[in-house]
Every structure is written in C-alpha cells, then in structure tokens.
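Just one chain is shown here, as structure tokens, and it is the form predicted on its own.
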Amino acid sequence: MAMSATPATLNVLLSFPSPNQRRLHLGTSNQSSSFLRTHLVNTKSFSRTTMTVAVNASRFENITMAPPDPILGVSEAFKADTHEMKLNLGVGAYRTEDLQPYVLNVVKKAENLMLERGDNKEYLPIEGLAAFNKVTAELLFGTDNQIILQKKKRKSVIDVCVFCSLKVATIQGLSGTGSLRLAAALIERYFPGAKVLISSPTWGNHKNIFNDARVQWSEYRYYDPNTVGLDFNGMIADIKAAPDGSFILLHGCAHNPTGIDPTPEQWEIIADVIQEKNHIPFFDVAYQGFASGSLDTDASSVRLFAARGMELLVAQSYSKNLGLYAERIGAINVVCSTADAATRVKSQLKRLARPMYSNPPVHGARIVANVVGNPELFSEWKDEMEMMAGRIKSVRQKLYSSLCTKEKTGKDWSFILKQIGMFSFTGLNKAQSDNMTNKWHVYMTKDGRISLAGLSSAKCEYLADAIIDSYHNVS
C-alpha cells in the first residue's frame, strides 16, 4: 500500500532488481537515505518495488519573486556585460576620470586619526554620536543659526549651560534612506491621516519608504517634458490644492532624477505658498556641497525656510559629498518652534529607532565628526568637493558640446547645461532608454536619467552618439 502525507506528497516509482541494489541506492547519501527511510513504504510485487516519498510544501510557497530594483538592478546587468565601451550611468556614485571608485583623502586622514586615538567599538546611544549630531546640524543650518545655538542660563554668579535651547531635534540615521524612514514613521504615528506630496518624478525609493511606513502620498507636478525643465506653475498649483497641513517633500538641491532646481526667486514663492497653506516642508538633502561645490549654496533652500521660523523636517546623507556610500551615515533633523517641542520630538524619534535598529553605526559618524569638526580637514574637504563637482560639470559641458556637434536636426540640447548635480534627465523614453542599453551598452534607469558622475570625458562622444541614435531612430 502507498502512504501519502500532508500537506503534499511526491510519488516516485523506482525499480531495483534486488534488495542489495535498493540498499546501495539508499546509502549513497546520508541525508537522502535518512529522508527515504523515514518516508518510504515498500510494497513487493514480483521484482518491482514501489516507493512513495512524502515531501512537505514550503511555508513560504505563496511568496512571489520580487522585481529587481530599478536602480541597483542596473549594476547587476552592467557587470554581466563584456563590451569594452559599456557605461554604468545608473547608480549615483562618483567615479574618477578612469571610472574607478574614489575614497576622499580627508576620509583616509580621519580614519588614521581614529586609529591613532584607539577609538573603541562600543554601542552608540540611540540618537547616535553627539559630536556628529552637533556638526551635522551646524553644516546644514549654519553655525550662527539661532535655532541651534546653545543659550546659557545664569546660575548664581556663574554662567553655565544648564539647559540647551536647541529648536532642532537631530538624531543620526542610516544614511538618507534610513533618516527618511524614521521621519515617515514619525508622521504615521503623530500625524494620522496626513498626506505627503512628492514631486513627479522623484527618487525611486521615496514611494517605497512611505508605502512601507503606511503614509499616504500623492504627487505634485515638477517635470515638464516639453521643455525638459521645471513645471513651476503646475508645482505651485498642486501645492496650493493640497489639504492644509500636508507634508511637502522637497529636494534641497540637485533634484533627483531630473537635475532641475527652482531658482532662488522660485524658492521664495514656494515658501510663501507652503506658509499660506500651513504645510510642513520636508527636505531631502542628499547632495550638500556636491551639487554646486559650495556647502552654503546647496543649503540655501533649507536655510530660507528655517529663517522664516517655519517648522520643517530635513533628512541628510553623507554618501555623496564624503563618498561614504557603504557607511550608511546620515541624519534626520526636525526643526520645531520651541526647544521643549524639539526635546519631545527627539525622544520619540529615539523610541522609533530602538525597535528598528537599536542604535546606529559609529565608523561613518566619527569620520564626519573628525572632518567637519577639524578646521584643517574641513578646508581640505571643501577643496575635494569642489574638485568632484567640477569634474561632473566638465563632463556635462563636454556631453552638451558633443551633442551639439552631432545634432543635424536643430534640436536644442541646452537643457543639459541648465540641470545641476550628478544626474541629467535626457528626455529619453523607456523604448529609447532600452535602445541605449541593448545597442550601445549604456546602462541607465528606464526614465531616461543618467548619472554624469559615472561618465568620463573620454566617453562623452560615444554617449552622445548613443543618445542621438536613440532619440531620433527609436520612437
């Protein structure tokens, strides 16, 4: 008789001429023989043996295969390509002119300082490294900003800092992504039903973050395909139409993926509308100093809103400007109208972080604290940032010149120069982007975004040929 088992059975008919051969087969593998002896029933019928093997179905059978990440998946496809002219313009990571990863000299010096001091690897507090939080807030808002200055209270005849009247709650996060996720959790818990407005298009992970945090979101117009520029009127209209008290997600500088930023005058109007609607601005600052080469210039949008006395959220990342991609170092800052509110917000951010990851990593935090907190290293860092930003500006200019030289129909490619930062929105659609990859071995995201940080001057003409061909010959 055959034995069946739940939840599933696999019937296997095996024929063996003799019991010795059956024993030999069962003994070929310790695991298989143990399994078969446990779940096997012999029924002799002349010289044939029928065996039924019971196999338990996986409890994870209903989990489907996830699609590849639209950005990180590009790198996997690039690695498998053997073409000598292949280009990886998908992931936003800085490369040298030889298209090699770059470790900043100031990072190496900061690490040497850590070794010389013999820094340990003890747990950080939930909010992260205090020295990191201090310098990162100063870097973002400016060292003389009233919202982060510590005030002294007179006690007897001695001035002592018995309390700190910071209006900013800053805690170390897991780079920009983790910092955004903490802020999303704060919104979900303390602003139930509130909606976050994000630009169309935006960085591919923004929607994932809010979806997983169960925070509602909708889009506001940003990109105008007709001009390959900013749809400013549409943006303003959509922010005005949003329910009062919505969170408006803004890219502090070097908008990802378009590279299109509002002008200083447009930022003023955006701030006006957000104030009128009692919205809460929520900045994602991933490229401070890496876009223009100036830390102050790239933080000007955030400082504009803070100077108006507005409450706001700012997520920061040091992946790009210090090249600390793998260190996952960043911060979430919440600017409040009072120091007391900031203290309470910080306590709740810590409470949210505790069950997520308990406390953040120390290595990247010490690098940032050493670089930003040391005047000599800080000066060197600004020079290196200017060098990196300058290289990207250089290949942007050369790509534009190559496109103009090869263009025969009079198409205007000047939007390439109007964009800023490491990305350029080419205006290519999905079919055209597929042609870039399939025919020209240029790997990029399907929305037409390319990372100029992964382009060398030597390959600008090749890329221009690929863009011209894809734009004109693929519908």
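Quick note: we count residues from 1 along the sequence shown, nothing fancier. Keep in mind that what you see is a predicted model, and the values were worked out from it rather than measured.
Omitted here: the form predicted in complex with a small molecule. The next part is about that form.
Undergrad: Answer with yes or no whether G90 is in contact with the small molecule in the predicted bound form, where contact means some heavy atom within 4.5 Å.
TA: Contact with the small molecule, yes.
Undergrad: Hey, in the predicted bound form, is F423 touching the small molecule, heavy atoms inside 4.5 Å?
TA: Contact with the small molecule, yes.
Undergrad: Just to confirm, Y223 within 4.5 Å of the small molecule in the predicted bound form by heavy atoms?
TA: Close contact is absent here: in the predicted bound form, Y223 is far from the small molecule, nothing within 4.5 Å, heavy atoms only.
Undergrad: Looking at the partner-bound form in the predicted bound form, is F247 within 4.5 Å of the small molecule by any heavy atom?
TA: F247: no, not in contact with the small molecule in the predicted bound form.
Undergrad: Could you tell me which stretch in 229 to 237, 109 to 117, 398 to 406, 90 to 98 has residues with non-hydrogen atoms within 4.5 Å of the small molecule in the predicted bound form?
TA: Correct option: 90 to 98.
Undergrad: Select from the listed residues K320, H279, R391, K167 the one whose heavy atoms reach within 4.5 Å of the small molecule in the predicted bound form.
TA: Exactly one listed residue reaches within 4.5 Å, namely K320.
Undergrad: Of the options W381, W203, F78, F305, which one has a non-hydrogen atom that comes within 4.5 Å of the small molecule in the predicted bound form?
TA: Partner contact (heavy atom, 4.5 Å) among the options: W203.
Undergrad: Is it the case that I71, N256 and R449 all touch the small molecule in the predicted bound form, with a non-hydrogen atom of each within 4.5 angstroms?
TA: Yes, the whole trio is in contact, each within 4.5 Å by some heavy atom.
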